[in-house]
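What follows is one chain in structure tokens, specifically the form predicted on its own.
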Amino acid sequence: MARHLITSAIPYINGIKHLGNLVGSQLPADLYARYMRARGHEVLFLCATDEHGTPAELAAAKAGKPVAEYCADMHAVQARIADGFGLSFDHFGRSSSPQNHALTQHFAARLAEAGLIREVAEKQVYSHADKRFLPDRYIEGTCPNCGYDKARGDQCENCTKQLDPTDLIDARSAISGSTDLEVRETKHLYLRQSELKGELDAWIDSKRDWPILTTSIAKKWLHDGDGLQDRGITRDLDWGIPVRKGADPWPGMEGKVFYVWFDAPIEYIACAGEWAEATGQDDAAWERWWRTDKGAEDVRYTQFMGKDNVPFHTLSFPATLIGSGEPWKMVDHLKSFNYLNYDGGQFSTSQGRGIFMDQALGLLPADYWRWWLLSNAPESSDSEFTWDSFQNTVNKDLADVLGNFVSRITKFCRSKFGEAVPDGGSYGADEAALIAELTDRVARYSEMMDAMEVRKSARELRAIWACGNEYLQRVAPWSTFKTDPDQAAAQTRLGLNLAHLFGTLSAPFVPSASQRILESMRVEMTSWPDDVEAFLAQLPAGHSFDVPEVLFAKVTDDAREEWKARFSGAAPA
């Protein structure tokens, strides 16, 4: 049994996320966590809400709430929606936790002792209209590199070039739109990550199995232009983790907080501490996952995130861990994803364009969305959600293949043999060929899941389901029954065992449907079917079962058109 630490990028606190956010980190991380648990491995799957920074302050003000209250409320909302999608976090924490406060201040002290933090008198943008310094992300303008007119003051989303606010052309406040901006001098702390460039470069080079998307983004930040730059880790804000050296004050930094992108990744570690506390364990419980001197040397750590988060997780956070000089567990594999677009454009909260997580759950159960998103995951390139594709995938894969097979075999058995696995007959050439094909396919499916090839795994799983329908069509037990009831019994017995197999293999992708299949077969999730032939004999003659309700209803043309119009962002007529 191996030990797997799994984290997904932590979602920001301000609002409910759209389906692109879901498939870019949390959902594939859950797929992998569920699979590893099914294989019998020990898993700690962590996520949290990212709660600091200007967006939280502005969202709280808009909601008319104190920022701490707003964050607590939105954490509860996001946790409830995550549960609705079947995200099997071992803990869903908060970056505002006491554990993250303490750890962030601890890392800052260690980095300062190592000479990796410098104080910089810098000029920052002050908005007279907003009466505040504007953090980088709240200054917009035209990118000097590619000409994109909505580049932010820290990075251009279009070309991913790292920027300073003063680099922007025609800068304006992203809060008010005001161009009445002034550059004022203020003091901040910078992480001297450029001093660690060689170590970071060598570390990334050692990751031979990382996706090209991940390494190419990291290398671009390391080597393009002037190379890896030192990065500010403090801000002039009220809401956040106060700047301190551990428990000691930091002279000159009074009233400042740590930059959200410094403290947010540290929450991955702090979240394990929150988990230990919530489950009544001591520090040793979380340290065995995160400290290589306390047992984490045998942990396999995998991160999942969208491509926009890659630079911070391949450079800034590793620089924090390496620079501390302490034995922290470093990520072993970083699985990154491209973007999911919506029907010819982008998701837009302000325009009501696209479907968001709470809206999706209001339309259909989570498994419908999980299957489409994972089988169309934006791995090698951006992908696009369309209602036509969604309808086609749900109807053909879930309803016509998986749901249809389980319904056909259980209803046929009930009508001819009763609600128990029938006895009699023996397997012949058709059954031997099916078992051989499934043995190969299940092995490939497992290999692809091990490698985190999400779309390929989904295709192989669908092909496994299809094997069942093709077998039933080929042997036609309803016809065999007329001339050879014993042989029909053997075919039906194998079909019911196939339902058990499909329920087990499908659990990482469609956990609710899987549970319903297993419950109808009156079995619990036990072992992974590495030995397919043995697994297909686990339901013996006489074993009782139930005929389940319809697993997946088809999406009608009327529903598709109504949803397409509702979430188009178009103004009502």
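The shown structure was predicted, so the numbers you read here are calculated from the model rather than taken from an experiment. The numbering used is simple: start at 1 and walk along the sequence shown.
FYI, the form predicted in complex with the RNA isn't displayed, but the following is about it.
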Handout entry: Heavy atom contact within 4.5 Å of the RNA in the predicted complex, the stretch among 8-16, 21-29, 547-555, 560-568
Key = 547-555
Fill in the blank from the handout: Heavy atom within 4.5 Å of the RNA in the predicted complex, from candidates R184, R455, R118, R444, belongs to R455
Exercise for the section: Could you spot which one of R80, K411, R300, K123 gets a heavy atom to within 4.5 Å of the RNA in the predicted complex? Expected result: K411
Practice task
Tell me, yes or no, whether K150 is in contact with the RNA in the predicted complex, where a contact means a heavy atom of each within 4.5 Å.
Solution key: no
Handout entry: 4.5 angstroms heavy atom contact with the RNA in the predicted complex for A429
Key = no
Handout entry: 4.5 Å heavy atom contact, S380 to the RNA in the predicted complex
Key = yes
Practice task
Would you check, heavy atoms only and a 4.5 Å threshold, whether S176 touches the RNA in the predicted complex?
Solution key: no
Practice task
Report yes if all three of Q346, A466 and S479 come within 4.5 Å of the RNA in the predicted complex by some heavy atom, otherwise no.
Solution key: yes
Completion exercise
In sequence order, the residues of 190-218 that place a heavy atom within 4.5 Å of the RNA in the predicted complex are I212, S216
